[in-house]
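Next comes just one chain, in structure tokens: the form predicted on its own.
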Amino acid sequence: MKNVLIIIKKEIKDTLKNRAVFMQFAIFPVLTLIMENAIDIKDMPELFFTKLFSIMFMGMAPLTSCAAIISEEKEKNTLRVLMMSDVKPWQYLTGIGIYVWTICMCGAVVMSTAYKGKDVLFYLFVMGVGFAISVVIGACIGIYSKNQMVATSLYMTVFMILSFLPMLALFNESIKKIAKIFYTQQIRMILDDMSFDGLTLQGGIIVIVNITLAIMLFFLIFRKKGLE
């Protein structure tokens, strides 16, 4: 546990020094506050921007941050130094995962100010589940990638699918049929209703399959690549 806390403290210091990484965590919460308070369009659905940016935040920030952190430390040999300092691979990955998930949840807390009462807890719970899936996918990309360039090309593709398909699905039925196989679209539907009534049996199966595939992929990649 001590080594996990060391990793978390290290990443906090690194994030404060790296504005690009910090912006990934801050941009969507800030945009949500601005758009919700500055724009009022007739017949616009309630909390439209909060729900829209929540899904984009979920599909982008934890995934890209996790992948970028791991791939950067592999490329700069920082990871090798940590491994030689008696930090176990599971301790490193746990530390990264907890750190990214927690800081994303801090952003979600800011975004949840648009909700009231029990809706806040429901919103945070749903976002927490989505963040966890994205963290695992980001770790897969980071472990698989040889360097930052490879990681960037991979996570750019993945986060655009996870973040933008649910948004485009609002305007196109054909895209909606494709988007529904991803957990971000199913979570968007839950947030639309602010209850699990928005999650159908099919949707529940899709989310479970997404979670299962992400975990299986993580172990397969880790077994093959490790933290080399």
Partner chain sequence: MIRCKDIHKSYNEKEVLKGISFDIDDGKIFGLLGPSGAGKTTLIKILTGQLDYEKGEAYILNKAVSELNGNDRKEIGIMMDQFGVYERLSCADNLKIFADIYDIPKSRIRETLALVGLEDAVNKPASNLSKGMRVRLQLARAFLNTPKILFLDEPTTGLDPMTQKLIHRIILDKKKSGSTIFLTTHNMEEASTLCDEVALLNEGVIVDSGSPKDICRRYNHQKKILIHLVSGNDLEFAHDRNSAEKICRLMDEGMIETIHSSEPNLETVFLELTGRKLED
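None of the values given here were measured: they were computed from a predicted structure. Residue numbers count along the first chain shown, from 1.
Keep in mind that the form predicted together with its partner chain is not shown, yet the notes after this line are about it.
- Here the marked residues I6, D14 and L82 all reach its partner chain in the model of the complex, each with a heavy atom within 4.5 angstroms.
- Comment: its partner chain is not present in this chain, but in the model of the complex one of V87, V126, L154, L93 has a heavy atom within 4.5 Å of it, namely V87.
- Listed stretches are 154-162, 132-140, 73-81, 106-114; the contact stretch with its partner chain in the model of the complex is 73-81, by a heavy atom cutoff of 4.5 Å.
- At the 4.5 Å threshold, heavy atoms of R223 stay clear of its partner chain in the model of the complex, well away from it.
- With contact defined as any non-hydrogen atom lying within 4.5 angstroms of its partner chain in the model of the complex, the stretch 101-121 contains no contacting residue.
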